[in-house]
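Quick heads-up: it's one chain on its own, the form predicted on its own, in structure tokens.
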Amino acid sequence: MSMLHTVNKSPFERNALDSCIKHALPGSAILLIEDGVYAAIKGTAHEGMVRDSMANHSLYVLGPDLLARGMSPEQVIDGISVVDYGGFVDLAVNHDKVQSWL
């Protein structure tokens, strides 16, 4: 059973992403949305944790949420796919369940 995990909180304010990574089964997908997109940026204190998680999980970041926060896809950690709203819908449809981490 495949699962899509969505994380909408900044890793600088909450531990939602850390909890998600620890509980997500290998092969799960993680989509960073809203303030969760800060975890996808190169050079932050959380980059190592995010890179390590990519060994077991597919990571995605919502492009419009990046842009809304003044960031660009060029700032995203290599290996994280930037998706639009249609891509978000595709991810939700292509996984059996969606788990939101708050």
Partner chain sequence: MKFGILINEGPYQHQASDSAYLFTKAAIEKGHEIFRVFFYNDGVNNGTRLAVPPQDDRNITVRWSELAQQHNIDMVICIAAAQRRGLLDEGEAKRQGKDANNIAPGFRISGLGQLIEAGIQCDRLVVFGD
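Quick caveat: nothing in here was measured; it's all calculated off a predicted structure. Numbering follows the first chain given and starts at 1.
The form predicted in complex with the partner chain exists for this protein as well; it is not shown, and the discussion that follows is about that form.
Given that the partner is absent here, does Arg69 sit within 4.5 Å of the partner chain in the model of the complex, heavy atoms only? Taking the distances in the model of the complex, the answer for Arg69 is yes, it comes within 4.5 Å of the partner chain.
Heavy atoms within 4.5 Å of the partner chain in the model of the complex: does Tyr85 have any? Yes, Tyr85 lies within 4.5 Å of the partner chain in the model of the complex.
For Asp78, is any heavy atom within 4.5 Å of the partner chain in the model of the complex, or not? Contact with the partner chain, no.
I'd like to know if Glu47 sits close to the partner chain in the model of the complex, meaning any non-hydrogen atom pair within 4.5 angstroms. Result no; Glu47 lies far from the partner chain in the model of the complex.
Even though the chain is shown alone, can you say which residues of 88-102 have a heavy atom within 4.5 Å of the partner chain in the model of the complex? Counting only heavy atoms within 4.5 Å of the partner chain in the model of the complex, the contacting residues of 88-102 are Phe88, Val89, Asp90, Ala92, Val93, His95, Asp96, Lys97, Val98, Ser100, Leu102.
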